[in-house]
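Heads up, the chain below is alone and in the form predicted alone; it's given as structure tokens.
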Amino acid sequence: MIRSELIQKIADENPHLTQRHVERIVNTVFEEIIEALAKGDRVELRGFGAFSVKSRDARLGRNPRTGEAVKVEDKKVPFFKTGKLLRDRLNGKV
């Protein structure tokens, strides 16, 4: 499912909201998650999962084409850990 499909589904299930309002709500939720992660905060959605930021140390990597050693800078990457409810549903344990 992509963002536009999510917006359409929410709009279809909530006829009292216009497409524009639903789009604004969805975009606001995503922007708030992004801003929190950019500050290094953790975002937890009970039953769904938690978004956090992990730091990766600098390391020596390898160019797969040439085999040459390449220095990879340290960086921060987003991390998502599924919640128990989501894991159970995916495994058929409703």
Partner chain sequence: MSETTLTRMDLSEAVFREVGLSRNESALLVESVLQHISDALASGETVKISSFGTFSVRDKSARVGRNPKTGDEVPISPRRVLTFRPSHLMKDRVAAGSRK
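As the structure is a prediction and not an experimental result, all values here were calculated from the model. Residue numbers count along the first chain shown, from 1.
In what follows, reference is made to the form predicted in complex with the partner chain, a form of this protein that is not presented.
How about R46 - does it come within 4.5 Å of the partner chain in the model of the complex, if we only consider non-hydrogen atoms?
Heavy-atom contact with the partner chain at 4.5 Å: present for R46.
Give a yes or no for V77: in the model of the complex, does one of its heavy atoms lie within 4.5 Å of a heavy atom belonging to the partner chain?
Output for V77 is yes: heavy atoms within 4.5 Å of the partner chain.
My question is simply whether T82 lines the interface with the partner chain in the model of the complex - judged by any non-hydrogen atom within 4.5 Å.
Contact with the partner chain, yes.
According to a 4.5 angstroms non-hydrogen atom cut-off, is T28 in contact with the partner chain in the model of the complex?
Because a heavy atom of T28 falls inside 4.5 Å of the partner chain in the model of the complex, the answer is yes.
Could you pull out the residues of 18-47 that have any heavy atom within 4.5 Å of the partner chain in the model of the complex?
In sequence order, H21, R24, I25, V26, T28, V29, F30, E31, E32, I33, I34, E35, A36, L37, A38, K39, G40, D41, R42, V43, E44, L45, R46 come within 4.5 Å of the partner.
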